[in-house]
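Presented below, as C-alpha cells, is a lone chain in the form predicted alone.
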Amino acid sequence: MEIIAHRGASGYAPENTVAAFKKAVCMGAKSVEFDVQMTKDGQLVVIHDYSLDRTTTGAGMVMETTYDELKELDAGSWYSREFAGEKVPLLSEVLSVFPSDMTINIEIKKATLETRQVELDVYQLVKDMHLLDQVIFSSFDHHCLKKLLNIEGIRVGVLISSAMIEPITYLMKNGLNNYSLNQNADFIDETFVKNAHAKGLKVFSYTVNTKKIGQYFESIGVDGIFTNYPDLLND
C-alpha cells in the first residue's frame, strides 16, 4: 500500500511548506500530496485553505491576494516557533524539491468565485518542468478534471467525500474513470475497494493518521493512504 505524505510530512512540519516537503523526502516518502491555488496576479501557490487566516499571518482570500503580498506573510509560526519564517511557496518551488522517483499528487483548488482555468495553468507548468510522468492531478471540482482528461497522457484522481450511491457508475457515465478514486476514509469498505478494482481504478483514502485504520485499509486492498505521518506504518 502506498503511503502518501499529506501536504508533506505535515505531522512534523507546517503543512504545504518547503520544510514539510523536505521532511517527507528525508523520511523516505515515495509519494506526496499538496494543494494548489492561484493568486490575484495569476501565480500558482501551494496552500490548502481558500483563506489565509489559519496557516499564515495574513487574512483574506488567496485569490484576492497578490504574490508579492503573500511573500511578506509567515506560514510557519502558527505550527511552532521553530518554523517561523516559512513562506507560502510557489508551485514551481515545491516541484523542484522532489526526486525523480517520487509520485506527486496535486490537488487543484478552485474557490466559489474562481472563474480562471487554474487547472490548465497547473498542467502547463508541470509539462514545462517535464514532470507529467510523476504527477497525478486531483480535485473536488470534477468539471476541471474533465478539462484535463481531454489532454492525452494525464492521470486523474477523482476526489469525493460522501457515501455516494453507485460512485463507479457516476465515474463511468461522466468519463472520469481514468486512474483513481480518492475517497474520505469514513466511507471506504471492502466492497467499495473491490468495485473500484473491478473497473481498473485504484483507491486512495484520505486522511489516515492512525496505524489501526492504516493496517485495516491495507488488509482490504486500499492502494494508498494520504497521511500526515509518512512513518505511520513503520515497525
Ligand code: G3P
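None of the values given here were measured: they were computed from a predicted structure. Start at 1 with the first residue shown and count on from there.
Separately, the form predicted in complex with SN-glycerol-3-phosphate exists; it is not shown, and the next lines address it.
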Just to confirm the contact call: exactly one of 163-171, 58-66, 32-40, 186-194 touches SN-glycerol-3-phosphate in the predicted complex at a 4.5 Å heavy atom cutoff, so which is it? 32-40
Output flag, Ile104, Arg155 and Lys202 jointly within 4.5 Å of SN-glycerol-3-phosphate in the predicted complex, heavy atom basis: no
Looking in the predicted complex, any heavy atom of Lys109 within 4.5 Å of SN-glycerol-3-phosphate? yes
Hey, in the predicted complex, does Phe83 get a heavy atom within 4.5 angstroms of SN-glycerol-3-phosphate? no
Would Trp78 count as touching SN-glycerol-3-phosphate in the predicted complex under a 4.5 Å heavy atom rule? no
How about Tyr50: is it within 4.5 Å of SN-glycerol-3-phosphate in the predicted complex, going by heavy atoms? no
Applying a 4.5 angstroms cut-off on non-hydrogen atoms, the residues of 214-235 near SN-glycerol-3-phosphate in the predicted complex are Phe226
